[in-house]
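The chain below stands alone and is given as structure tokens, in the form predicted on its own.
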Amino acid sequence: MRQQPSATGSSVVGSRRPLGLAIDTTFDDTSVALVRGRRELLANVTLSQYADHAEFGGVVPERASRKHLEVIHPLIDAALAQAAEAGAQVTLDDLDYVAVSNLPGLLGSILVGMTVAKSLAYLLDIPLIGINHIEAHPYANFLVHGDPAFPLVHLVAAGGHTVLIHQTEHFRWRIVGRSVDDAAGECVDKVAKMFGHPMPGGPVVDRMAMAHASGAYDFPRPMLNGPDLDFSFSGLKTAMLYFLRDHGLPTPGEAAGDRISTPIEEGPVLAAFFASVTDVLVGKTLRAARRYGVRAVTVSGGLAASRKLRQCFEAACAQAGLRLYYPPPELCTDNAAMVGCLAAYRYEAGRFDDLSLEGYPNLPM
């Protein structure tokens, strides 16, 4: 195996910064990135499967796995080509390590990425680094903004997870709040679907929230004033179902029938709904910041691309005297760039895995 860096964490191996290939196939996006050092992103190629699952109204796990298998090798080639277009002539032989998300997500999808990563690590005789996909999300901020000063509170609002993380240094973090049922992004997607919008529903709801005032209707803010930092969004989704029923509108799976409907405007309804989501996310995050005495928070995950959510966080953090970090939209949704950034820190620290690395569908408690 190639000579490895010392445990001192130096970011330079010999006379150059280490080059890593990162892979993420945790859900329905296949993503490959090339990262040099901690922050130089040479390539980040992601293929979404939304169109492949549209007819089913949600992601079909076996179909997702097969699609990952179909496209992952062409995406590795595409990442190398993208790096070359940017002036970085690199090949697989130039890699110092390969990183892969091994939890959490759809197990079949995870195993596709892991199998490819293990094969490359073995054939190229380089270290393999397993990455927690949720831990990686905040590192999209590190990739763009550099190292914020610890300690930090991270909100990760991804499609399948809503978690609050308290981090005191690299590799030292714990989940201090999580959704006990539906994640925020999942709730937004499902409510958008009630209005006939395809996945992903977040961009549609965000546009409505930006274009309309939110005061015409009032939806609940689940667990906002509770004593802990956990989230619950299934009740908000149910409240929307009751709202549609009370206005005589068909709920999913129902026909309109002969009911007399009360006219409503979609925009103000969705704006009011999203105000409930943002109030809970912002409120809980700032409560965590106060509880743990941090001076900076980060927001990441697919929902972090929302312009409305960013506006709300910017106003609240400015009032609270907190620094706020969030990545560009293309690094909010699942991507291998954030995986590669976290992997670079692990590589410098000599935190490697071997070929016995396993995949897990769930986050550890």
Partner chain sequence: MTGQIGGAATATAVATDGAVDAALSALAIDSTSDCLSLAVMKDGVPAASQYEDIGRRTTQEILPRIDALLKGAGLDARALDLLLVARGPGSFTGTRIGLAVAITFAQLTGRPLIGVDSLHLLAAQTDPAERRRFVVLLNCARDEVYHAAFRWRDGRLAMEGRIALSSLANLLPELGQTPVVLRRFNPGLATTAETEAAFARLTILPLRHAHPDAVRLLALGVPQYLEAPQRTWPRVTPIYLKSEAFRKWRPAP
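Being a predicted model, the structure only gives us computed values, none of them experimental. Numbering follows the first chain given and starts at 1.
The following text describes the form predicted in complex with its partner chain, which does not appear among the structures shown.
- Each of 62, 106 and 120 comes within 4.5 Å of its partner chain in the predicted bound form, counting any heavy atom.
- Note on the partner interface in the predicted bound form: the residue among 144, 239, 210, 111 having a heavy atom within 4.5 angstroms of its partner chain is 111.
- Comment: its partner chain is not present in this chain, but in the predicted bound form one of 203, 74, 235, 268 has a heavy atom within 4.5 Å of it, namely 74.
- Residue contact with its partner chain in the predicted bound form: residue 115 places a heavy atom within 4.5 Å of it.
- Remark: residue 169 does not count among the residues lining its partner chain in the predicted bound form, judged by a heavy atom distance of 4.5 Å or less.
- In the predicted bound form, residue 27 approaches its partner chain with a heavy atom inside 4.5 Å.
- Using a 4.5 angstroms threshold between heavy atoms, residue 93 counts as touching its partner chain in the predicted bound form.
- For its partner chain in the predicted bound form, the listed stretch (145-153, 291-299, 239-247, 74-82) containing residues with heavy atoms inside 4.5 Å is 74-82.
- Taking a 4.5 Å heavy atom cutoff to its partner chain in the predicted bound form, the one contacting residue in 163-189 is 186.
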